[in-house]
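Coming up is one lone chain in structure tokens, specifically the form predicted on its own.
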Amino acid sequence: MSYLVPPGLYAIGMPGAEAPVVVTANYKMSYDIVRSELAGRSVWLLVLETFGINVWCAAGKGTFGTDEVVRRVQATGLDSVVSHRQLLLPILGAPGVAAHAVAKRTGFRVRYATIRAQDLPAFLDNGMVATPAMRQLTFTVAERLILTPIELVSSVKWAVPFTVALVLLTGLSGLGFSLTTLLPVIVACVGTVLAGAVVAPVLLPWLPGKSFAVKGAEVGFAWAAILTWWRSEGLAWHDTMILFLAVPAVSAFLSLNFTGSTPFTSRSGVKKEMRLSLPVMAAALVVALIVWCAGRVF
């Protein structure tokens, strides 16, 4: 569970003075993936101090940046280790690095290699020339699905206590603790989490609108409709209203969290969306709570 490695110069294989120098972040997963992909080769790996943050995020924050590249080149005495003057940087690190400034301050020329570490071997074998595919950033269904377990794990921390509390409230409100009574509550809660954390990310390109919160709300409305149809017999009007208020709000919140996992969001855009959508979600949940209390009283 240690997410960073010490910055510095690492040897993969038995690199000599002419071996290429690949630059990466000290986020442990980035380091391990690059090292794994270059196994069996002789390459220098220059690891920057990004405080355990991946290349792209660190480039946006400035830690994978010009000053750190210069600092690390000088601190490791790289000019005395290799005979060439070329650094191979990941393409996603480009936003934080001014190549001309690095060359002026260190004498090392920056060359952007590939987006994915898995393409590095082919890049090196191709005379350090990147093909169009190596420079294209994709976000397929499979790539989105890979990220959903993280969303689920972070959701479980609050979803499980909330579900337990809701089950207890349902049982203590006079409906009893039978399976018939409690199963719909559990199904609704689990399904809502899956709707926002899994279904919305998977269907992301096909859901109408640009806002992640809106996309999540759309999936939430669909799930609320399914729950209403499933429980059409014996479902009070206020319970139906609660479903259509609370489920889309929670689903929208979970979908909004997914913005940090995508390749096409910006910090300013996410902040703007949060300012607009979070008050609406909160208001929907407050109204749902009021309706729930009113339904139990009247």
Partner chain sequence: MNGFTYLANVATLQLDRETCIGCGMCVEVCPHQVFALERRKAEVRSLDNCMECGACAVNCPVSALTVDAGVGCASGLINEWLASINVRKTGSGCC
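The model shown is predicted, which means the values in this text are computed figures rather than measured ones. Residue numbers count along the first chain shown, from 1.
Another form, the form predicted in complex with its partner chain, is not on view; read the next lines as being about it.
key: Per-stretch contact check against its partner chain in the predicted complex, the hit in 99 to 107, 164 to 172, 72 to 80, 191 to 199 (non-hydrogen atom, 4.5 angstroms)   = Within 4.5 Å of the partner lies stretch 99 to 107.
inquiry  = Within 4.5 Å, heavy atoms only: does P149 come near its partner chain in the predicted complex?
reply    = So P149 does not count as contacting its partner chain.
ask   = Could you tell me if I242 has a non-hydrogen atom within 4.5 Å of its partner chain in the predicted complex?
value = No.
message = With the partner left out here, check for me: in the predicted complex, does some heavy atom of A282 sit within 4.5 Å of its partner chain?
response = No, A282 is distant from the partner.
ask   = Wondering, does S155 line up within 4.5 Å of its partner chain in the predicted complex on heavy atoms?
value = Taking the distances in the predicted complex, the answer for S155 is no, it never comes within 4.5 Å of its partner chain.
task = Report the residue, out of T181, Q86, T138, N126, that has at least one non-hydrogen atom within 4.5 angstroms of its partner chain in the predicted complex.
result = Looking at the other structure, the residue within range turns out to be T138.
message = Can you work out which of L227, A117, A159, I91 has a heavy atom no more than 4.5 Å from its partner chain in the predicted complex?
response = Selected residue: I91.
query = Taking its partner chain in the predicted complex, which residues of 30 to 64 have any heavy atom within 4.5 Å of it?
reply = The stretch touches the partner through W56, C57, K61.
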